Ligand code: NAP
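The chain below stands alone, shown as C-alpha cells; this is the form predicted alone.
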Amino acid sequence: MTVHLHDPALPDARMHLVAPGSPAIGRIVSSESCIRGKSASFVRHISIDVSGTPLEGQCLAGQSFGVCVPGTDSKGRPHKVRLYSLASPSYGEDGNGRVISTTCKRSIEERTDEDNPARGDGHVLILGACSNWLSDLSVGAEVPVSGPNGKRFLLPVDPAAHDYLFVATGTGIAPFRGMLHELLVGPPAGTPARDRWTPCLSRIQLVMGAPYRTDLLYDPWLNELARRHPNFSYHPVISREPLPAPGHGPHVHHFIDARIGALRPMLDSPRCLIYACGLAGMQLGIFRTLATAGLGSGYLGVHDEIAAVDPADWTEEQIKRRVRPTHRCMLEVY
C-alpha cells in the first residue's frame, strides 16, 4: 500500500509474545456489567491481571489478546483461541501496564448444533464456549491468555497531530474505550505514566451504534466524558427503536450521511483519521457515504473498474472487492 504525506506514524507494536499453545496465566481482577440498564444482551467489562507475564506493559490500545479456553469441544479437540479487543489504554487499567481489560458479550442463541447433527431440531440453546466461560469467572480466577495481536488499529505516535472519527457498533466500542482513556483521561495519579501524559485537545467524534438504548455500552462514562471535554462529541445511534414517523432508527452510516455537512470540515482536513470497529459489513455504508460526499480520496482506494461509477450506484459486492481503506482509515471488523 502506498504511503502518503499525511498518513499517521504508528507505534511499533509487539505481537505474539505468548503463543496460544503455551498461554500465560492471568487472573480476573474485576467483572462488571457495562450495558445501560436491563438488556436482552449480557456484556461485561472484564479486567485481567497479567503482571509477571510477557504481556505486562506490552498491550497497546487497539490490539487484541487471546483467551485459551480449557477443555475440548464436542469432537474432543482443544478449543481454539478466541481473540478479544483490548478495552484498556496502553498503560493498562492500573497505569503500570499490569491489568488489561476487554468487553465480553455472552454468545447465546438457538440454532442447529453443527457439531452434533442429532441435536438438529433448530431449538437447541447454543452457548459460546469462551464468552460464557470468561463471563462466569469470579475475581481471582485464572485465565490462560496469549498475544498481543495486531499492529495497525492503533493511535498514532503523536495523537495531537490528528483529529478522529471513531465509529463503533456493539462490542466494537472496546478499543475506543481504551483510546479515549488514553486521549482524554490519562493514567491514575501517582503512576509513572501520569508524569509523561498530556490530554489530547484534538477534535474527537464518536458514533456509537446499538439496536436499543439499553444496549449502549459504557454509556454513562461516555456522556460524562463528553460533558467534561468540549473537544469530544458522543453520538449514540439507535437502529431498532421505532421513530415517531413510520420506520425505525438509523445505522451509523446513515447518521454520518445525515450530518456530513457538520462533519465535512474535520473529515476534509488531512489531519483527520477514521477508525471503525464492529460487525463485518458496517464499513460498506461508511465507504459509500464518504465517496458520495466527495470525501473518499483521503480514506479510500478505489479500483479503476468502478472509479467512473457514481458511488451511490456501487453494489455491496463492488465495495467489498474494489474499495480498500487507506492508512488514514483503520478498520477492525469481525
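Computed from a predicted structure; not experimentally measured. All residue numbers are counted from 1 along the displayed sequence.
What comes next is about the form predicted in complex with this ligand, which does not appear here.
Scanning 90, 169, 146, 205 against this ligand in the predicted complex with a 4.5 Å heavy atom cut-off leaves one residue, 169. Residue in contact with this ligand in the predicted complex (any heavy atom within 4.5 Å), chosen from 248, 194, 264, 227: 248. Put simply, residue 178 is far from this ligand in the predicted complex: not one heavy atom of it is within 4.5 Å. Of the heavy atoms in residue 298, none are within 4.5 Å of this ligand in the predicted complex.
Although the partner is absent here, residue 26 is not a contact residue: none of its heavy atoms lies within 4.5 angstroms of this ligand in the predicted complex. In the predicted complex, residue 100 stays away from this ligand, with no heavy atom inside 4.5 Å. Of the candidate stretches 304 to 312, 53 to 61, 280 to 288, 264 to 272, only 280 to 288 contains residues with a heavy atom within 4.5 Å of this ligand in the predicted complex. Looking at 309 to 334, the residues that come within 4.5 Å of this ligand in the predicted complex, counting any heavy atom, are 332, 333, 334.
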